[in-house]
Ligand SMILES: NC(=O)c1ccc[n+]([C@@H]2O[C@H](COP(=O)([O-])OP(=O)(O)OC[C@H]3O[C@@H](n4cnc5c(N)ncnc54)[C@H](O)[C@@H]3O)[C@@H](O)[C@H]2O)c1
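Take a look at this single chain in structure tokens; it is the form predicted alone.
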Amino acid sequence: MSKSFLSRRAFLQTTAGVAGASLIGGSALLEEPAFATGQAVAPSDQVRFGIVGVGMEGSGLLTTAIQLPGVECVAAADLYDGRHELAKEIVGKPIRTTRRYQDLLDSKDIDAIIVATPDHWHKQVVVDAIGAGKDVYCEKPMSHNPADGLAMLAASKKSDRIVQIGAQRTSSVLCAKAKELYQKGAIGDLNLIECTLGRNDPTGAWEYPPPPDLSPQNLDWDTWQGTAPKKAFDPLAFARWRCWKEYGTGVAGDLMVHLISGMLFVLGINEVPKRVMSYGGIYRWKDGRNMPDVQPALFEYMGVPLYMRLSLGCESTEVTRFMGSKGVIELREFSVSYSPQSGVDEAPSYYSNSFPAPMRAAYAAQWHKQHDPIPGHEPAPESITFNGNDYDDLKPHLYKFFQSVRSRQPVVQDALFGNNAALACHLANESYFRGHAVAWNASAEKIEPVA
């Protein structure tokens, strides 16, 4: 993640969330819902939550959650003691802290749990939290592998608990606008989706600096490893777990899942791709990781190809393009634009250059007679851009979760949605390691090779 990306994100968190002026056609501003942090909330509507994992993602979730009306953090769990102090600093008052997440599940004064652990711990914490009667917000990707996802989905289906997965684009005003344009038929018949995302710096490639004081004395290393193969204390594995398949899901689970979730939401579908082919390798960050730093992938959704290009070796603008017979919807970090296309010849065909001159002249004259508009009625198609807050907007996503905790109304990105999005990423990773195309066999509940 580049420094410029971070600075833009930080800027928007402290402003009205309006991006720069449009460079094409018309421009409009999209406004987020007012969260009214000073608004009074009835005691009966107060949501008290605990958080499991207060690392990079968890600290951001905690910082944002406590800004929402009627929401209070009362406890935090983390296996590294330094994050107990961090949680208290963020909340700004004494809260209960523990290494044991089970202590939060046993607490009668906690309504909901935010789960921000490494991927390989998601399943156990979520299933246990649901079993304890807690509503759950779980960071993306929902699961570490297909079996974990199925277990989480089964637990959710057996309960009445709210489960929301934390890929925030389903709550973004930009994605909502893109969905509106698509559903109104702005681009006609969809025929291709293209997604790109590129980074080019150590932090963006997860080469995070471990806490300087990290040691087996202040970190429960054995528990942190969970079901992964046991190894000696390794500060780099703790800080950079996304680099290894034993703990994380690589660029697919960390980045691709955002693109997949946004795409599913815009298209109004909730399904697993029919097949996936992924290739790549470790080209830049040869630091001992076993997950690729470059991973292109080709998916099939609704009979339409989706091309995904992910790279940690060269920075490029993050964009999703929905391409159709009548134009393109382009979704970027702070804007969504629509550029129409007529889909018809707007001049005589250049193939007529192969005609003899008299034939070419006659063809051109006839073409203009049939196609030229009446003077003063020439078409004037307009490209339009809507500017808004970051499409990975965390505040509205958390807001919707806590509202659902109060109202018991379902969320968009529930366990089924989260599992389908995660499965797309697992399929891409499986294809990468197997070296051929794969598909999800729902009846057998496993990934299989396909032609």
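Note that residue numbering begins at 1 and tracks the sequence as displayed. Everything numeric here is computed off the predicted structure, so don't read it as measured data.
The next section is about a form of this same protein that is not shown, the form predicted in complex with the named molecule.
For the candidate set 181, 162, 79, 73, a heavy atom within 4.5 Å of the named molecule in the predicted complex is found for exactly one residue, namely 79. A heavy atom within 4.5 Å of the named molecule in the predicted complex is found for one listed residue only; from 265, 241, 299, 338, this is 241. For the named molecule in the predicted complex, the listed stretch (360-368, 170-178, 252-260, 305-313) containing residues with heavy atoms inside 4.5 Å is 252-260. Residue contact with the named molecule in the predicted complex: residue 111 places no heavy atom within 4.5 Å of it. At least one heavy atom of residue 116 is located within 4.5 Å of the named molecule in the predicted complex. Although the partner is absent here, residue 421 lies well away from the named molecule in the predicted complex, with no heavy atom inside 4.5 Å. Within this chain, residue 221 is remote from the site of the named molecule in the predicted complex, having no heavy atom within 4.5 Å.
Residues from 434-450 do not approach the named molecule in the predicted complex: none has a non-hydrogen atom within 4.5 Å of it.
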